[in-house]
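The chain below stands alone and is given as structure tokens, in the form predicted on its own.
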């Protein structure tokens, strides 16, 4: 786990959280550099992919706090995303932001289970389906769920194989809040295509008894503003 200065690609907002259990909420974003996955359809490859990675700032927790206060001194929701923020030891950052009244929401794929995930307000865990090209380590995923505060699961679905993966995940974790999110191929899918996929996914889940009490989600920020950074 990375314990040096925090490698951060961008701090931005306030904007609307576009995914997970706090979708639609006003939030500030901290996007960390680096990922232990290399998903084929990653929509934030600028955080990790050689040749595409954006400039990285190395900041201390108090410097991150200062940036957040500069962006909006009133907003107290912060999303920690990436890449994979669970690659870092964020204990000190979590402590400092918590002491200043921030509500912290984490987005991670469930491949790392640092103890600090239990000290935030919510953790959206998004294990990657077959279309990503990644394999799920089920033991590590279980560890991540076990240590996380208020965990929920989210699966990005592009096709039937992804949907089958999501169904298997739902059976494994029947009591966790669960969301299906429509897949978004950056550069290929426009708003019309995404809405068509969302309709397919909704109809698929509505007819499936396994998917009781599951939320069907778009990427809200993409529908509003496209695949731009910093929104």
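Numbering follows the first chain given and starts at 1. Quantities reported herein were computed from a predicted structural model and do not represent experimental measurements.
Quick note: we don't show the form predicted together with a further copy of the same chain, though the next part is all about it.
Visitor: Can you check whether residue 191 is within 4.5 Å of a further copy of the same chain in the predicted bound form, heavy atom basis?
Guide: Within the cut-off, so yes.
Visitor: Under a 4.5 Å heavy atom criterion, is residue 203 part of the interface with a further copy of the same chain in the predicted bound form?
Guide: The answer is yes: residue 203 has a heavy atom within 4.5 Å of a further copy of the same chain.
Visitor: So in the predicted bound form, does residue 72 come within 4.5 Å of a further copy of the same chain, heavy atom to heavy atom?
Guide: So residue 72 counts as contacting a further copy of the same chain.
Visitor: So, in the predicted bound form, is residue 11 in contact with a further copy of the same chain at a 4.5 angstroms heavy atom limit?
Guide: Looking in the predicted bound form, residue contacts with a further copy of the same chain do not include residue 11, since no heavy atom lies within 4.5 Å.
Visitor: Which pick from 35, 64, 169, 198 sits with a heavy atom within 4.5 Å of a further copy of the same chain in the predicted bound form?
Guide: That would be 198.
Visitor: Since the partner is left out here, which residues of 22-60 would have a heavy atom within 4.5 Å of a further copy of the same chain in the predicted bound form?
Guide: Going through 22-60 in order - heavy atoms within 4.5 Å of a further copy of the same chain in the predicted bound form - the hits are 22, 23, 24, 25, 26.
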